[in-house]
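One chain comes next, on its own, written as structure tokens: the form predicted on its own.
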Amino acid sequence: MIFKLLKAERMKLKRAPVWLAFFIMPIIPALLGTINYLGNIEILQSEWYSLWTQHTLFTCYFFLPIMLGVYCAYIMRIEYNNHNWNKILTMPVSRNLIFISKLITVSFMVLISEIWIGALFVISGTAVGMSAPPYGSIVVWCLFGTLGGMVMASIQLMLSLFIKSFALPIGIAFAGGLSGLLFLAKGFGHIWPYSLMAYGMNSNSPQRMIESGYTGFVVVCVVFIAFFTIISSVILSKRDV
């Protein structure tokens, strides 16, 4: 049944305008980050690692949270149109699977976004004359950034369950991204859900964080995803949407 739900979600998004955000928005932080790197190249001596910090400074705290907010708000907004919730909730399928199918769909979109961000990073570094990119590190950053993004997606989907407005959840996602910057600066980025995407992407200190390992990070992400999935499933089962 989960595969049928996923197929239905894919069909709903086939011609969705959110794909414009996917293509266009990551280009902006890539340009800003590269310009910022070139403007401070005398103090940014670690080439690829320094460039990554500049790219993710704009991506993780501003543009990716907004993109996630758009993804989640749109995928829920579809169900509010034409009373689709009434049709979905009368289907012979458990309501937790309905939420999980939406979370998997958004998570796949986040993964595609991370791949595009990684590609733009390589293009930018190559364009400014850097040597061979650290492909292994880039893959790790993008994969764990996706896992952290899944946490944010689970929160945003939960919020969009009872916030019918399209703009308000996006505003909350933007505010969450800014709060993630604050919590990372205070040393609590590994436990604050809106910081985990930036933490997974090694936005502040890529070399050191890779050396320290990701076991704790994965555990925290899984716990948060499970927690918000359970809450959302309860919301769907206990109240009319």
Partner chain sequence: MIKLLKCEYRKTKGRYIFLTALLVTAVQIVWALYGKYTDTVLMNGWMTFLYQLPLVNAIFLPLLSIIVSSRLCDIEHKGVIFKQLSVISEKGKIFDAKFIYGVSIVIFCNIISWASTIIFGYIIGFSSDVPINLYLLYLLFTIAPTVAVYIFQHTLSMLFKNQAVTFFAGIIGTFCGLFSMFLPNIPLLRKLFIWGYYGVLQFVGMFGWTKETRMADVYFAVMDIDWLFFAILIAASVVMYIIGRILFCRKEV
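Positions refer to the first chain, counted from 1. This is a predicted model, so every value here is computed, not measured. Definition used throughout: the rigid core is the maximal C-alpha set that superposes within 1.5 Å between two forms.
What comes next is about the form predicted together with its partner chain, which is not displayed.
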**OP:** Considering its partner chain in the predicted bound form, find the one stretch among 166-174, 149-157, 99-107, 129-137 with heavy atoms no farther than 4.5 Å from it.
**Re:** 166-174
**OP:** Would you confirm whether the three residues Gly187, Asn204 and Val222 all fall within 4.5 Å of its partner chain in the predicted bound form, going by non-hydrogen atoms?
**Re:** no
**OP:** Mark Ser50 yes when one of its heavy atoms lies within 4.5 Å of a heavy atom of its partner chain in the predicted bound form, and no otherwise.
**Re:** no
Original post:
With the cut-off set at 4.5 Å between non-hydrogen atoms, does Phe22 touch its partner chain in the predicted bound form?
Top reply: yes
**OP:** Look up in the predicted bound form whether Gly39 has a non-hydrogen atom within 4.5 angstroms of its partner chain, and give yes or no.
**Re:** yes
**OP:** Consider Arg95 of the chain shown here, and say whether it contacts its partner chain in the predicted bound form, taking contact as heavy atoms within 4.5 Å.
**Re:** no
**OP:** Examine Asn40 after superposing the rigid core and state whether its CA is displaced by 2 Å or more between this form and the one not shown.
**Re:** yes
